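The form predicted on its own is given below as one chain in structure tokens.
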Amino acid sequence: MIAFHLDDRSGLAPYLQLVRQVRQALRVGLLREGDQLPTVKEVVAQLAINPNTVLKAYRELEHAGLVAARPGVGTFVTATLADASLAAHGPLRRDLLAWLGEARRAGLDDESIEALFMTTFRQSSLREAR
């Protein structure tokens, strides 16, 4: 089961953070069809947020066709975002973990690592678009 977290610094509304985390978990295979999402009550207790925030996130995921609510039972994954590239994730994850270790040994903190990764990612995306 997915464990949600919120980042006050992200600039994203809390419900969008929940949606993004589910979508990412679906993309990397951490959530699969048939898996149950935490109940609204569980998420509210874990994150100390308004139940309507969780409901809004779950409704958006349902509207996207990724989950379905079963009254009295819970909310379940109905589709995946993983594709054939999922097999490549393991080796790439190991390489990324090694890179993160190097970045930390070089003295970068979490914000610096994220900034370096995101700016490099964006530059790479722009080059590929040309």
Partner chain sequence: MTPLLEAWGLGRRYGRRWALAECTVRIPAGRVAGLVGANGAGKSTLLALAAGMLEPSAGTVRVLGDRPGSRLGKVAYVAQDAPLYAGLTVAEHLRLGARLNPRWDAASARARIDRLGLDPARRAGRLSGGQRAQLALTLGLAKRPELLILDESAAALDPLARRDFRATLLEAVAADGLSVLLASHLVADLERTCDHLVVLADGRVRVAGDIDDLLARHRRLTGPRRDPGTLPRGQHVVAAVHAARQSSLVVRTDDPILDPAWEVGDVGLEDLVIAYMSGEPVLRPAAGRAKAAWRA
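Source: prediction; values computed, not measured. Rigid core here is just the name for the largest C-alpha set that superposes within 1.5 Å across the two forms. Residue numbers count along the first chain shown, from 1.
Below, we turn to the form predicted in complex with the partner chain, even though it does not appear here.
Within 4.5 Å of some heavy atom of the partner chain in the predicted complex lies at least one heavy atom of I49.
Looking at K41, you'd find a heavy atom of it within 4.5 angstroms of the partner chain in the predicted complex. Taking the partner from elsewhere, A45 is found to have a heavy atom lying within 4.5 Å of the partner chain in the predicted complex. Taking the partner from the other structure, the partner chain in the predicted complex has no heavy atom within 4.5 Å of any heavy atom of E128.
The listed set R27, H89, K56, R104 contains one residue whose heavy atoms approach the partner chain in the predicted complex to within 4.5 Å, identified as K56. Relative to the superposed core, T119 shifts its CA atom by 2 Å or more between this form and the one not shown.
Between this form and the other one, the CA-CA gap for E114 and G29 widens by 3 Å or more, being larger in the predicted complex.
If you compare C-alpha positions, A25 and M118 are 3 angstroms or more farther apart in the predicted complex than in the form on display.
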